[in-house]
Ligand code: AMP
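Taking the form predicted on its own, here's one chain by itself in structure tokens.
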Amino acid sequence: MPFTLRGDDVCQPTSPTPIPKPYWVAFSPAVAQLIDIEIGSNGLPSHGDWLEVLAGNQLAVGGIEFSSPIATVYSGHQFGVWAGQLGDGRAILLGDMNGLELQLKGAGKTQYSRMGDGRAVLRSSIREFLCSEAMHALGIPTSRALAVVGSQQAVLRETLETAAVCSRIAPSFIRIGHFEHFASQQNIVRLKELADLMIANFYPECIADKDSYLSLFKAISARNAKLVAGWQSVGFCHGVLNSDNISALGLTIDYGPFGFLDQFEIDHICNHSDQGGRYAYQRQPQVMHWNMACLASAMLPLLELDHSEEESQALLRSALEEFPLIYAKEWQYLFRSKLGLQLEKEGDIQLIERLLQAMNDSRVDYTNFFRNLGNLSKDVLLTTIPQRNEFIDRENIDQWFTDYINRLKSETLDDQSRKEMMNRINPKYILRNHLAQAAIEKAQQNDFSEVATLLQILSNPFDEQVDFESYSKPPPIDMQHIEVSCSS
């Protein structure tokens, strides 16, 4: 959907800043097909000018011309503190292709760059590219990554690095911060235009509701409640859940200091800039709920068009209370499925929570434990379960396995059918930090083969890929604590 709002108070015309001697680092043919880019036999665009376009060096390719690129303004809360006006500081929206917005991240300064240089680096661009596509394959709503284009242009972060531009697509990049911005400006006209745009294009079911703006809030909140439940189920930590990084479509966006859990830690912090642990793994649901409260506050003026202030506040408070209920229902469904349980029975939640606590206490590998759990049969002997050896408290985990096996016996699926079901929700392959780091280090030496290999593996995360078995293994000891920060 093209971003149709225009005006200096909404966006600024912004042309990308060229980079010297661009080259392909990564490209996703699957994403290219979504926007009708013709692919050659080498897996890259048939038209060579796409390299220059996705580098930000030109705005036309074939018969396509991106005549009105823009950067949009938004505001938001960062680490729980109101940050005021922000905006697309290093993202430039080229335009619409096939109903999807094409955006360049790292293509130079915009009106909203503040003290930044508007650039992205090779390291962070590869991470976003791979994780976007990995999350999509895992079934988690996300923006998609089309390509990474590199250059030897120097960019200063903690150290001197090289520039890269990551091109990404989504139905819309509108975020909670857009609502917050117009509300903070008391610009009810723009706020209403934004809400009407969202309803018309993405939430048409709200049109029939007499309280369409309340309905819109509920819909956005529900999508994000289900999104964060999905994150928890695959062990994904976003790292920086500021309100300006939260999609109004319930998509995972703005990949920065993210990380997947290796050893399970309930309080795992993937962003070393997050010294207080605000965005730790177990806090993600609460923080997302908090962000929905920010959205409710921003949308309050819209409800006041039809209700009193007191009534509007009461309606939004009630709607906000639905978030934890929707989250809990989705979380319970996902974790029951991870355990191979189709029926809802009393005691299931305690069974799940006991397992997670035991995994936390023994730092058990999250992804591999759930994947291997599907190999158990209902008549297995407790002493022959190899996963018992991963736990420090043997008596405790033996009791858990005993209860779990008894619970499996109340299910109707046979062992093989249950394993197949579990293998469709418990991935074998995730983007572990050490795998991403290995690909980055090769890419920094102009070897992009590992990026391509990871894209291939992560595009099929639930499959047994015999040739890539080593990619499912936990990181070696010296790679277990790779740190990423907001500069990522």
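Numbering starts at 1 and follows the sequence shown. Remember, it's a predicted structure, so these values are computed and weren't measured experimentally.
FYI, the form predicted together with ligand AMP isn't displayed, but the following is about it.
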query: Interface membership of residue 101, ligand AMP in the predicted bound form, 4.5 Å heavy atom rule; finding: no
query: Partner proximity in the predicted bound form: residue 74 to ligand AMP, non-hydrogen atom cutoff 4.5 Å; finding: yes
query: In the predicted bound form, residue 136 touching ligand AMP (heavy atom, 4.5 Å); finding: no
query: Proximity of residue 150 to ligand AMP in the predicted bound form, heavy atoms at 4.5 Å; finding: no
query: Every residue of 157, 240 and 254 near ligand AMP in the predicted bound form, heavy atom within 4.5 Å; finding: yes
query: Candidate stretches 78 to 86, 288 to 296, 411 to 419, 316 to 324, one within 4.5 Å of ligand AMP in the predicted bound form by heavy atom; finding: 78 to 86
query: 329, 114, 345, 394 - the one with a heavy atom within 4.5 Å of ligand AMP in the predicted bound form; finding: 114
query: Stretch 229 to 248 - residues with a heavy atom within 4.5 Å of ligand AMP in the predicted bound form; finding: 240, 244, 245
